[in-house]
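Single chain ahead, by itself, as structure tokens, in the form predicted on its own.
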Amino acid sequence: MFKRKIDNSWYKEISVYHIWCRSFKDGNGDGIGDLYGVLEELDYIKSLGVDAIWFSPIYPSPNCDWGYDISDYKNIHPDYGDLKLFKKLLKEAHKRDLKVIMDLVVNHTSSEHEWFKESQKSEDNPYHDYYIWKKGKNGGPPNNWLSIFEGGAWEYNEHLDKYYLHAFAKGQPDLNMDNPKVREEVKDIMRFWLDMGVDGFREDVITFISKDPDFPNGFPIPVACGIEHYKSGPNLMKYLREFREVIEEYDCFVVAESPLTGAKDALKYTSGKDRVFDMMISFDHMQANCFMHDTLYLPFSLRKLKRALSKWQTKLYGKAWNALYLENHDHPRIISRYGNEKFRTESGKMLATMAYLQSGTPYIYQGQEIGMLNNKFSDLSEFKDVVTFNNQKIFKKFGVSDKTYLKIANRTSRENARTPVQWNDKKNAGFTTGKPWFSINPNYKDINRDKEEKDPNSILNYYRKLLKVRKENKIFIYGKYKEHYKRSKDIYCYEMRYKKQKALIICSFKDKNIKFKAPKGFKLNNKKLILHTYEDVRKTKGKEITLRPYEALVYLWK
């Protein structure tokens, strides 16, 4: 069991703002978002009511996966600045009581990392065993595994007459975590940033770091064949405990990304004093309108969304901690997914209400707070992501035309979350004075930060109210959750209870007026109404009310 000397329970009461730096704001005019731009907007970030910033990778990288292929773990990508600038930003963030969380990507490195370059020179090279190199079988790869991002999971090296494993893109060779030297390198990286003053890590696909040592063939599926042999491998907990020992030395926290991990399995990682993670990012609630993690879209199912959120709330309560999010760099924009673009403001507020008054730590992704929407790309050549192009190849094998796939990609591509943040209605949405690295959504004249600031009833100003209510009322942090009307296809209603308090959260997913009757034990009263998503408040008394399109109401009894 770990012996923590420092109480890090503060992570339960914070809210986190997630920055994908390349598209946040350009401060030096080269068309690429950078740390200069983040510095410019620290006061804006603080004004939201958040308490921390999480950076997606800002390390040097050749960008085959936009930063998740790291070539130097102890530096800053020159596109974003340098270590001196980062230290200045860290200092300025801390001045504003904003903690800073870094992405830790150690399942794989970039193929441009010096370790990998050395590993290719010979089998005797001390870095050769830093990666997973195997001889082929029967004139082909060592097994039938497929990568998640880019075709087969094995890439041949003619010089060595061996294959290296890449569970993701070819430019992301998997580290051999069975080598104790590699684990020491990881610990050294962690201490480097924590000693600098960083407040924690989001650990990328961290449950993939242990592989089945026999490397058997996997079950044949179109994507990620073999994942059952490299997800939650035999030595995973051993390695995670080693890394946790480092975390226990600092006043910091760790949130884990663990694809294909359900609430029940999450408990073994996040519960108890000897937990290896403080919380885990769930993917379950992001499957309410898609199949295979955003690969193919399906009609939105509110029941499916409610089941997923309810499962994590009920199974983890009192045992572990939830990470609450609606958007990040890996998913399309939430209003375009689960809301309604015609009711952008109404559904944007409602979705935030639904998600962030449950027990857990909120994560808000850049642009989410101003109601940014999916882009509409006119041609596949406009896309830039390896995942988009890999999916295109898969769909083509099934006879799907590029024209049809373009429609699918415009709905499902994670690149929808990576268009530059829309700051104002001026040239390039105020993102840059240069040529933007990626196309800006043409709706920026109508949807931008400055316009949202001026409107007291905007999504942006509602996020501020919502986070303030959450911070001022512990029931929305520590409360016990209970869902009502589980079978409803139009309404998501749940209660929270904490000590002698109770709250009722009502969310309409309907684009028309709809009747609502309060569940047993609740009477609606304006005096108890602490949050509402429409500008005007109609009188509510008794048990019944007519909800307007995408309306959300929050009642609190103290």
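Each residue number is its position in the shown sequence, starting from 1. The shown structure was predicted, so the numbers you read here are calculated from the model rather than taken from an experiment.
There is also a form predicted in complex with a small molecule; it is not shown, and the following applies to it.
Engineer: Any chance Asp65 has a heavy atom within 4.5 Å of the small molecule in the model of the complex?
Structural biologist: It does: once the small molecule is placed as it appears in the model of the complex, Asp65 has a heavy atom within 4.5 Å of it.
Engineer: Considering only heavy atoms, tell me if Glu257 and the small molecule come within 4.5 Å of each other in the model of the complex.
Structural biologist: Yes, Glu257 sits close enough to the small molecule in the model of the complex that at least one of its heavy atoms falls within 4.5 Å.
Engineer: Flag Arg414 as yes or no: does it have a non-hydrogen atom within 4.5 angstroms of any non-hydrogen atom of the small molecule in the model of the complex?
Structural biologist: Within the cut-off, so yes.
Engineer: Quick one: is Tyr356 in contact with the small molecule in the model of the complex, heavy atoms, 4.5 Å cut-off?
Structural biologist: Looking in the model of the complex, residue contacts with the small molecule do not include Tyr356, since no heavy atom lies within 4.5 Å.
Engineer: Which one, His77, Lys99, Arg470, His329, lies within 4.5 Å of the small molecule in the model of the complex by heavy atoms?
Structural biologist: Going through each option in turn, the one that passes is His329.
Engineer: Among Gln172, Gln366, Ser347, Gln422, which has any heavy atom within 4.5 Å of the small molecule in the model of the complex?
Structural biologist: Flagged contact: Gln172.
Engineer: Based on heavy atom distances of at most 4.5 Å to the small molecule in the model of the complex, which listed stretch, 310-318, 438-446, 202-210, 373-381, is the contact stretch?
Structural biologist: Flagged stretch: 202-210.
Engineer: Phe300, Tyr338 and Arg548 - do all three of these have some heavy atom no more than 4.5 Å from the small molecule in the model of the complex?
Structural biologist: The answer is no: none of the three residues contacts the partner (heavy atom, 4.5 Å cut-off).
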